[in-house]
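One chain comes next, on its own, written out as structure tokens in the form predicted alone.
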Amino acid sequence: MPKRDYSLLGADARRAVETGLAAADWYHTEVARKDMKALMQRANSPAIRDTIVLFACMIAFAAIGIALWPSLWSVPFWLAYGVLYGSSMDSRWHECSHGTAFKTPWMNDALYNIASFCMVRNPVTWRWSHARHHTDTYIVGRDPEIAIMRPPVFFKLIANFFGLFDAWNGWSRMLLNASGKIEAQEATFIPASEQPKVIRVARIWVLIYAATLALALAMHSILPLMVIGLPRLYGAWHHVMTGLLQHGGLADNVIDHRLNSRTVYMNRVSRFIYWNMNYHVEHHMFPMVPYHALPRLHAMIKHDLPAPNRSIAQAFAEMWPALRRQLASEEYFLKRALPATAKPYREDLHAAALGTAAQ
């Protein structure tokens, strides 16, 4: 294909509609109805437990950091607080946007709005954005959440480990929305009836940030900003690390999540921060399965999926060379080998994306 146009208003967006890639019929592994019903069962207790642990740790780390400020002894506690603010909230935002974390709707909405604020993602905008991401996962010109474009811009990828692009983009978009405007590409997936809500949320956030900045100036200290705002920068590295692995280096413009998504086995701490989104093929196939049921879903359908990456390090060792090769060739990608027990899907469409290994 010619050079990719990732704009939601560009040539590839039109091409995706014309070729049937937009809102297509995606492959799903067969799961017995009774098993899927059990997997989709929602519950409050797992998410309440995890949320209590999360906020208790955040309060404790922030309190110790404040007590030790400005000593260097406070640094480990701020780093820990930052990861929970700037990375754990990414997965909470994500899971609650699906409405599956809690059984009780208001609990989902409450955590979703808190997490959206921490991640500087307007909760109205991003609910619609993420719906499009699931409808058209890594379809060029349709998916507004493609983290690694081709050719990859390594400076931007590395800078985002410190939130330098994503967070600043979020803050600038917040100010744009607070002025009463909606960005043109976002207007393609946010219904007109929802756009006033985007503006209202942005104005509330501006007031919160203004109060935080005023307090910092009155105290002649950045300490208030260490609690609100700056953790989105110094705590971003974990959610960027795991987020790049979701689809990085894999095929685009396919309608089989086994070919464009990656499942990675991770340690228990990262799984808590990431809320089991390391089972990413499974999540995209069945997005209404709650995070706490994803390990069970994985066990049920792994016979039909590519072999998971064994660790974060091993997944990066696979992905990073592929991204470097994409600097020279936008058409290069890692081919996911399906096991002998897997059911092929649309071989006519996916011939180039099926293989035994990266070439």
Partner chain sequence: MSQWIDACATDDVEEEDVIRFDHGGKTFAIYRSPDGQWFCTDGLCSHEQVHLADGLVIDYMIECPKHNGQFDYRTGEAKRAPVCINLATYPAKAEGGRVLVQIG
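Here the structure is a predicted model, which is why all the values come from computation and not from measurement. Positions refer to the first chain, counted from 1.
Although not depicted, the form predicted in complex with the partner chain is the subject of the following passage.
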task = Identify whether the partner chain in the predicted complex is within 4.5 Å of every residue in the set Ala23, Arg42 and Arg127, based on non-hydrogen atoms.
result = yes
Interface stretch in the predicted complex with the partner chain - options 95-103, 260-268, 147-155, 240-248, non-hydrogen atom within 4.5 Å = 95-103
ask   = Which residue among Arg310, Lys37, Arg49, His303 has a heavy atom within 4.5 angstroms of the partner chain in the predicted complex?
value = Lys37
remark   = From Ala187, Ala131, Val206, Ala110: within 4.5 Å of the partner chain in the predicted complex by heavy atoms is Ala131
Partner proximity in the predicted complex: Met288 to the partner chain, non-hydrogen atom cutoff 4.5 Å = yes
message = Whether Thr212 contacts the partner chain in the predicted complex should be assessed with a 4.5 Å heavy atom distance threshold; does it?
response = no
query = With the cut-off set at 4.5 Å between non-hydrogen atoms, does Gln195 touch the partner chain in the predicted complex?
reply = no
inquiry  = With the partner left out here, check for me: in the predicted complex, does some heavy atom of Ser221 sit within 4.5 Å of the partner chain?
reply    = no
